[in-house]
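Just the one chain here, the form predicted alone, laid out as structure tokens.
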């Protein structure tokens, strides 16, 4: 039985280490967290095999047999040495793992030794994320997260309504956005690319749609992006990079897919609209609530969604950031489209 247990432990550890549990490491912190995960597998698999083996062995050899239903079995006296062993070994393992976890946590939360650290404010709101930047005194906001490669970034996380959880799986770090307080953590992105930003705390009916994108850029490209974002908006275009004239807006596609450049969530993700073929149930069905409404009402509902709430729904469900994430022509095109397909 001991040999079988050893073989099962080795195979279990090997399997646990071979399985690709997480996405590719995208930060300095991810390396240390993944190593800690591997250590937990190495320690926990033998314990699991031991406990499971003892249970199965006992069930097989000490089970009640026919005719023994009314027997109590032989009296059993305690074994002090055995009790000391099975108490001391788990206690030592737990203390060692807790110490290691503390050292890892202390290391990944440590501020960089030198240089200014970039700070980005993360705002959670049902059901979207926005990011406030202060780059050398130039303040602006973005619906998508941009960070430079190889530089430590501290995220100060807030919420405008309920509890959320800011998480970029490739960076491993996550933290709650708690009403009334600011939480924070820092990461150093090490891999260029785009990564999903998700909410890891069930925050309402639209929780599954609370996703954004994190972009890790080379330093020069990041500097160019900052320059573009901090430039004065022209022609009434939205701050946040959606600026410029919109020669032809496909309002139906915009409704179905959202605006990928700025991160504006697709209306169809939350609203049911027959013409667009969407079936979202987070917000009201637009074929019903917009029937008979004029363009002014529709535009107000997009830009200031809390001005009038449909029966059966609460304030704060729809983000009030579309005035920043969509250009004027995009908003007008959406209004015209909804007026044509839903209001009449």
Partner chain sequence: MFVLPFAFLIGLGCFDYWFYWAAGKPTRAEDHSSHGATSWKSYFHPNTDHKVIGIQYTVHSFFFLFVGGLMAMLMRAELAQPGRQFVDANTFNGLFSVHASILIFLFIIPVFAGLANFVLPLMIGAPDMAFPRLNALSFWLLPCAGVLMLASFFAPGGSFASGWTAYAPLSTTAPLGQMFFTIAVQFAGASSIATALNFLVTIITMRAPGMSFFRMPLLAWANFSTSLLVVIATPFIAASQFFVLLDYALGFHFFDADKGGDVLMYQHVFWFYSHPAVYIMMLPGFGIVSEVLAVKARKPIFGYRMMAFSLLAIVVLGFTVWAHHMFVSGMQSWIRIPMMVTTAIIAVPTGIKIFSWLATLWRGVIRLDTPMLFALGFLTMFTCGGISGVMLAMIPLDIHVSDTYFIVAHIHYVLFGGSLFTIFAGVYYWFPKMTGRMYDEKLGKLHFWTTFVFFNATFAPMHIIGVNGMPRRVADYADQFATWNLVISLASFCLGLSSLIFAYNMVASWRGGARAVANPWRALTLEWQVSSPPPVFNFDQVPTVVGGPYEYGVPGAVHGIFGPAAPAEAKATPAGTHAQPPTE
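Here the structure is a predicted model, which is why all the values come from computation and not from measurement. Numbering follows the first chain given and starts at 1. Here the rigid core means the biggest group of C-alpha atoms that line up within 1.5 Å when the two forms are laid on top of each other.
Here the subject shifts to the form predicted in complex with the partner chain, a form of this protein not shown in this document.
Participant: Can you pick the one in 201, 151, 132, 135 that has a heavy atom within 4.5 Å of the partner chain in the model of the complex?
Facilitator: In short, 201.
Participant: Between 253, 105, 231, 224, only one gets a heavy atom within 4.5 angstroms of the partner chain in the model of the complex; which residue is that?
Facilitator: Residue within 4.5 Å of the partner: 105.
Participant: Within 4.5 Å of the partner chain in the model of the complex, do 5, 28 and 259 each have at least one heavy atom?
Facilitator: Verified in the model of the complex; spot residues all out of contact, no.
Participant: Within 4.5 Å of the partner chain in the model of the complex, counting heavy atoms only, one of 216-224, 117-125, 141-149, 178-186 shows up; tell me which.
Facilitator: The contacting stretch is 178-186.
Participant: In the model of the complex, does residue 37 come within 4.5 Å of the partner chain, counting heavy atoms only?
Facilitator: Because a heavy atom of residue 37 falls inside 4.5 Å of the partner chain in the model of the complex, the answer is yes.
Participant: Please check if residue 302 has a heavy atom lying within 4.5 Å of any heavy atom of the partner chain in the model of the complex.
Facilitator: Outside the cut-off, so no.
Participant: Can you tell me if residue 294 lies within 4.5 angstroms of the partner chain in the model of the complex, counting non-hydrogen atoms only?
Facilitator: The answer is no: residue 294 has no heavy atom within 4.5 Å of the partner chain.
Participant: With the partner left out here, check for me: in the model of the complex, does some heavy atom of residue 95 sit within 4.5 Å of the partner chain?
Facilitator: Flag for residue 95 set to yes.
Participant: Let me know which residues along 149-187 have a heavy atom within 4.5 Å of the partner chain in the model of the complex, or say none if there are none.
Facilitator: Counting only heavy atoms within 4.5 Å of the partner chain in the model of the complex, the contacting residues of 149-187 are 161, 162, 163, 165, 167, 169, 172, 173, 174, 175, 176, 178, 179, 180, 181, 183.
Participant: Has the Cα of residue 270 moved 2 Å or more between the shown form and the other one, judged after a core fit?
Facilitator: Result for residue 270: yes, a 2 Å-plus shift.
Participant: Superposing on the rigid core, does the Cα of residue 35 end up 2 Å or more away between the shown form and the other one?
Facilitator: Comparing the forms between the shown form and the other one, which are aligned on their rigid core, residue 35 does not shift its C-alpha by 2 Å or more.
Participant: Rigid core fitted, is the C-alpha displacement of residue 47 between the shown form and the other one 2 Å or more?
Facilitator: The answer is no; the displacement is under 2 Å.
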